[in-house]
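Okay, here we've got a single chain as structure tokens, the form predicted alone, with questions on binding and movement later.
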């Protein structure tokens, strides 16, 4: 069966992706096995969220609920949040500290330690010779499903794959360099936001890699001069296409904010004035003077520096048309009070209702709505060419990184898509 006769998504290419990938439940299910539980390392959180023994954070790998913990010996662990007895959720809090190190399922009180090992079962031997489990019952055989865990630069990743190469290899030297650029020194968490979008997770993954829309969709950029096409910018894509990083340097010399609109196709209509212009202030704190750093690590996290905002954005797929975005805002541990206040003020730029980023969720939902019933039809991703280049400049004039995402995605999903198509299930 060739690409012309193969139905729906199996014939997709990085420049022409079948819209079925956003709507097919069979494809979504296959993604969980081939991507999130397959040959990838998935972001779990920040080491700074697990500073102390007993600290934990509830998270997801794909749509699988996971808890990441700090054990008494300082090691970090992750396990599936599903009791080995009846499958109930064990940990019901988003984050916290379990001082005694025990995580207890409320249903039948099966208890697990921070590593996921089963350490207690009520009435395991019955009561007065009645009930209980057989003598062959071995608690070690009923621990929670565990993930491999590795860290880099303050980020915690996990994988279900026992044979995948180490995290450092998965990231590669270029992406490691840029992670270290942001995580140049210890960080402290400033807060969280959770955003829900009625759209497929891949639409947001594309969006975070799509510099083409930056000055077109986000009118705050050209109106108030955060970004314009003449600024120095560059993009890098990993060899497999998985990962991308964009950087934009601050404007050179004196900044005339009033002239930024001259380089834009659109800007806000009517009077647009900030009541507190400190919001726009950029205080360079890294030697390269980069004012925007957007790094997408396949499959599920974005590392950002926009002005003085620092954050991770974790992409959590809950269904074909249900995606959660978890924003974790942070600063540096040695920030003084004034720097922290400035970061918090700067955070008005980003997040679910950020002056810059609020339109992204709407764009995801528009694409989801517009492609209903469009299975067999394909996107057109040829801005700037039809290949995937490892580096390019300036950004904003192509869809190179979006093609990179699809190159990586199809590399992991190609056989599964072909099988589904052959079965008529895609």
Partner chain sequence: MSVAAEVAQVAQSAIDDFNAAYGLCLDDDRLEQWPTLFVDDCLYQVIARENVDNGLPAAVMYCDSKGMLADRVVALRKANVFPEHFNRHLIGRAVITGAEGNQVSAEASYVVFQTRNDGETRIYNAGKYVDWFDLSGGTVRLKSRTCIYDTLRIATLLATPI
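Numbering follows the first chain given and starts at 1. Values in this document were obtained by computation on a predicted structure and should not be read as measured data.
There is another form of the same protein, the form predicted together with the partner chain; it is not shown, and what comes next is about it.
Asker: Please pick, from 169, 239, 324, 285, the one residue with any non-hydrogen atom lying within 4.5 angstroms of the partner chain in the predicted bound form.
Answerer: The option sitting close enough to the partner is 324.
Asker: Identify, from the list 182, 104, 203, 355, the residue with a heavy atom within 4.5 Å of the partner chain in the predicted bound form.
Answerer: None of the other options qualify; the answer is 355.
Asker: Does the partner chain come within 4.5 Å of any heavy atom of residue 120 in the predicted bound form?
Answerer: No, residue 120 stays farther than 4.5 Å from the partner chain in the predicted bound form.
Asker: Just to confirm, residue 275 within 4.5 Å of the partner chain in the predicted bound form by heavy atoms?
Answerer: Residue 275: yes, in contact with the partner chain in the predicted bound form.
Asker: Flag residue 55 as yes or no: does it have a non-hydrogen atom within 4.5 angstroms of any non-hydrogen atom of the partner chain in the predicted bound form?
Answerer: Heavy-atom contact with the partner chain at 4.5 Å: absent for residue 55.
Asker: Would residue 94 count as touching the partner chain in the predicted bound form under a 4.5 Å heavy atom rule?
Answerer: Taking the distances in the predicted bound form, the answer for residue 94 is yes, it comes within 4.5 Å of the partner chain.
Asker: Counting only non-hydrogen atoms, choose the one of 324-332, 109-117, 172-180, 292-300 that falls within 4.5 Å of the partner chain in the predicted bound form.
Answerer: Selected range: 324-332.
Asker: Using a 4.5 Å cut-off on heavy atoms, which residues of 312-348 contact the partner chain in the predicted bound form?
Answerer: The stretch 312-348, when checked against the partner chain in the predicted bound form, contributes 318, 324, 329, 340, 341, 344, 345, 347, 348 at the 4.5 Å heavy-atom cut-off.
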